[in-house]
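Form predicted on its own, single chain, as structure tokens, below.
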């Protein structure tokens, strides 16, 4: 019997209770990445709406966004741009501060990674409160990117991250949702 995409993905995502703190249900995609069928179906489904269109760059958020983003960039014949935590990139960078659940952090990318007007898709594994993705969108817009979409395997809709990105005019694409997280 062929499983639906939702069934395949949900059954391949491990849920870890009380991580990183009590009361949190952590959605771990490392099990999805280790399942060849689920990984392939995730990448194929994230690529599908953009196949045959010009996408210049895939911007992946450290670290799981690198894995997904690299595979998506390959499939779309696009470049890949890493968005990293402050201090991790070796060349001239641009930086933005963003809100976390517990405070503020900074992320950066190389100054020459995006040319104004390039069509970019932002990729990460999960959208929760949206602080990190919102920071990445602001960073990409600061560089003049035309953000085609922000793509995630998992949406935690009750935490509001999707709405934050949509309020910035970004189309959000997700594959599965977990309510109540």
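Numbering follows the first chain given and starts at 1. Remember, it's a predicted structure, so these values are computed and weren't measured experimentally.
Absent from the display: the form predicted in complex with a small molecule. The rest refers to it.
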For this session: Find out whether any non-hydrogen atom of residue 140 is located within 4.5 angstroms of the small molecule in the predicted complex, and reply yes or no.
Result: no
Problem set entry | 4.5 angstroms heavy atom contact with the small molecule in the predicted complex for residue 27 | yes
Exercise. Would residue 131 count as touching the small molecule in the predicted complex under a 4.5 Å heavy atom rule?
Worked result: yes
For this session: Answer for residue 32 alone: is it within 4.5 Å of the small molecule in the predicted complex, judged on heavy atom distances?
Result: no
Seminar exercise, completed: None of 113, 151, 68, 156 but one has a heavy atom within 4.5 Å of the small molecule in the predicted complex; the exception is 156
Seminar exercise, completed: Students should find that, of 145, 126, 136, 46, the residue having a non-hydrogen atom no more than 4.5 angstroms from the small molecule in the predicted complex is 126
